[in-house]
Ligand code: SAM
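So this first bit is one chain, no partners, the form predicted on its own, shown in structure tokens.
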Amino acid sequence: MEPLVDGHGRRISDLRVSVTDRCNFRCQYCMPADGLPWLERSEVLSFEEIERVVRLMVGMGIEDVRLTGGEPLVRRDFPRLVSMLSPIEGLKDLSLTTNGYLLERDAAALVGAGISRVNVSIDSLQRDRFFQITRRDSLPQVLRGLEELAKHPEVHPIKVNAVAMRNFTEEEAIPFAEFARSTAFQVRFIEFMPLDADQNWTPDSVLTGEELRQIINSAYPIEELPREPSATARVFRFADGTGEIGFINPVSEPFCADCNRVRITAEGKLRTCLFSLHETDLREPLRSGASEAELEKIIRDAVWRKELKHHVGEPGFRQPPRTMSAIGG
């Protein structure tokens, strides 16, 4: 098939698929303390529906698929979905974003099913501060899961993602730098984005990647590595060669110009930008007997309308009604 391209000439090769909107954490930058109304099970795409869409889109040029949530590991029998997707011809990379809570249980099954890369979200290495952000006292279990995953060298790299929030993450910068220097994990800081359910985000709440870089560089000098095309992170290595650290700066340094990503939500909505205000329904045609050609046209038409940029921080920006947990990271 012809490559999947948008109206701005960008070739789309990266697909994020949310497998559930449910999560066992209640992170402040994502969910309210009491959680959110969950989708009914019948509303969520089945594994077979996900496999059909992914196979079709790989045929259209998608090379990298990342499975997200909510928290994907709370989806029953999740490794089976991984085993359905990993053999798809043309799929070069199948990865996972998780909060790590169930990794100790599932790491071996995920690796055996074909996961090749994993990102684990950890916002603090201090137990009380981890609880403050996630509203769950689960840091020891998450770190055990990380260690369990690290027993499988075929999963590489393993990245640890921390959302950077002003008046919180400043104290985490040096401990995370030392964690990156003493382990094989690449730590990455992600700027706080306006996708929180409580809508407490303001421009002033964003601790920029540049501010964090300066904090870390003052203690442990770092030097930037060349940016790969369409990469979300600016990656640095420590000058003495001991480890890497990355900064994902969608607010202060948008990387929209060569964005190659689209997303499918748990209930089958195609989103062409994390901050999209409009979506394209794939579930209804999937369940009403649409042919592969009909599905392909729906997807191509939606991707052609992909936004040029996200407009965060600009006058008139509107926060999407969905939170991060309902979009998929």
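Residues carry their position along the shown sequence, with the first being 1. Since we're looking at a predicted model, the values are computed, not measured.
If you look for the form predicted together with the named molecule, you will not find it shown, but the lines that follow are about it.
Contact annotation: the named molecule lies within 4.5 Å of heavy atoms from the stretch 63-71 in the predicted bound form, the single such stretch among 265-273, 63-71, 289-297, 49-57. In the predicted bound form, C30 approaches the named molecule with a heavy atom inside 4.5 Å.
Shown alone here, F192 lies within 4.5 Å of the named molecule in the predicted bound form, counting heavy atoms only. Contact annotation for A233: none of its heavy atoms lies within 4.5 Å of the named molecule in the predicted bound form. Although the partner is absent here, L4 is not a contact residue: none of its heavy atoms lies within 4.5 angstroms of the named molecule in the predicted bound form. Only one of L207, L103, V187, V163 lies close to the named molecule in the predicted bound form, with a heavy atom inside 4.5 Å, and it is V163.
In the predicted bound form, the residues of 86-110 lying within 4.5 Å of the named molecule by at least one heavy atom are, in order, T97, T98, N99.
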